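Have a look below at one chain only, the form predicted on its own, in structure tokens format.
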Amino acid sequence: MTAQDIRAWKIGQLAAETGLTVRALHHYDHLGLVQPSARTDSGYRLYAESDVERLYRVLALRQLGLPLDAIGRVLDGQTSIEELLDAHREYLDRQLVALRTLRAQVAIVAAAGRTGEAASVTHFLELIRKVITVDDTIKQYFSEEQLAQLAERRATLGEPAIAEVQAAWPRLIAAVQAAVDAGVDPASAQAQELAAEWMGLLQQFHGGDEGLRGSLYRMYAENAEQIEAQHGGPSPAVMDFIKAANAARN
């Protein structure tokens, strides 16, 4: 096949018309993605119309963020474009969740800086550690999507509100434990008040989201002893009291 038989492009011409570099076209050629299929009478390789069409497909798939090896499999029929796009969509979903979490973390650090609370590098490092570091136990019960939600809630509520809630828990747990030890009736007004405050603090955590609330309850149910020992969490007796008090409220 000669240059006179078909419309064809030398590599420099194709680079100029497409905006690609000669180096990029050489790379695609080396990988076997787009190889010139014609030659001039003197032996110089030429890109035929079919090669240009294939190059367009490569660039279109590349715009979707697909890696070159995956593009090659699609073009060679080893993988369907539908399967590859499904996998890529899942990847993008994970990236979006990660970006949401990062955005919330940045908002928290920025807010601290505006209020003058992050006057030292040590403070910044501690703030970042608290926000980013997620205990392995928590990761078992909360999805990446839910962790992103929690990071966004933290950013929305602000560190002062979070600190206030964290400080309220030990006092409330101690008050409920005292009521349990004193034999207070879960249906009493005192128990109802304690239960209402308890549910209000939980609301600050899950924001009414059923998924977050369910994950939180499952985590506690399966790790009650560890949470009580390591974090001063509520004892089973305290939890039973709150459940009974809530049942009496409803």
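Rigid core: the largest C-alpha set superposing within 1.5 Å between the two forms. Nothing here was measured: the structure is a model prediction, and the numbers come from that model. All residue numbers are counted from 1 along the displayed sequence.
The form predicted in complex with the DNA exists for this protein as well; it is not shown, and the discussion that follows is about that form.
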- Note on the structure: Which of 67-75, 170-178, 86-94, 148-156 lies within 4.5 Å of the DNA in the model of the complex, heavy atoms considered? The stretch 67-75
- Item | residue 206, heavy atom within 4.5 angstroms of the DNA in the model of the complex | no
- Message: Quick check on residue 56: any heavy atom within 4.5 Å of the DNA in the model of the complex?
- Response: no
- Message: I'd like to know whether residue 217 contacts the DNA in the model of the complex, with contact meaning heavy atoms within 4.5 angstroms.
- Response: no
- residue 239: touches the DNA in the model of the complex, heavy atom cutoff 4.5 angstroms: no
- Message: Only counting heavy atoms and a 4.5 Å limit, does any residue of 25-46 reach the DNA in the model of the complex, and if so which ones?
- Response: 26, 27, 28, 39, 42, 43, 44, 45
- Does the distance between the two CA positions of residue 206 reach 2 Å or more between this form and the one not shown, the core being superposed? no
- With both forms fit on the core, is the shift of the CA atom of residue 196 between this form and the one not shown 2 Å or larger? no
- Query: Against the rigid core, is the Cα displacement of residue 216 between this form and the one not shown at least 2 Å?
  - Reply: no
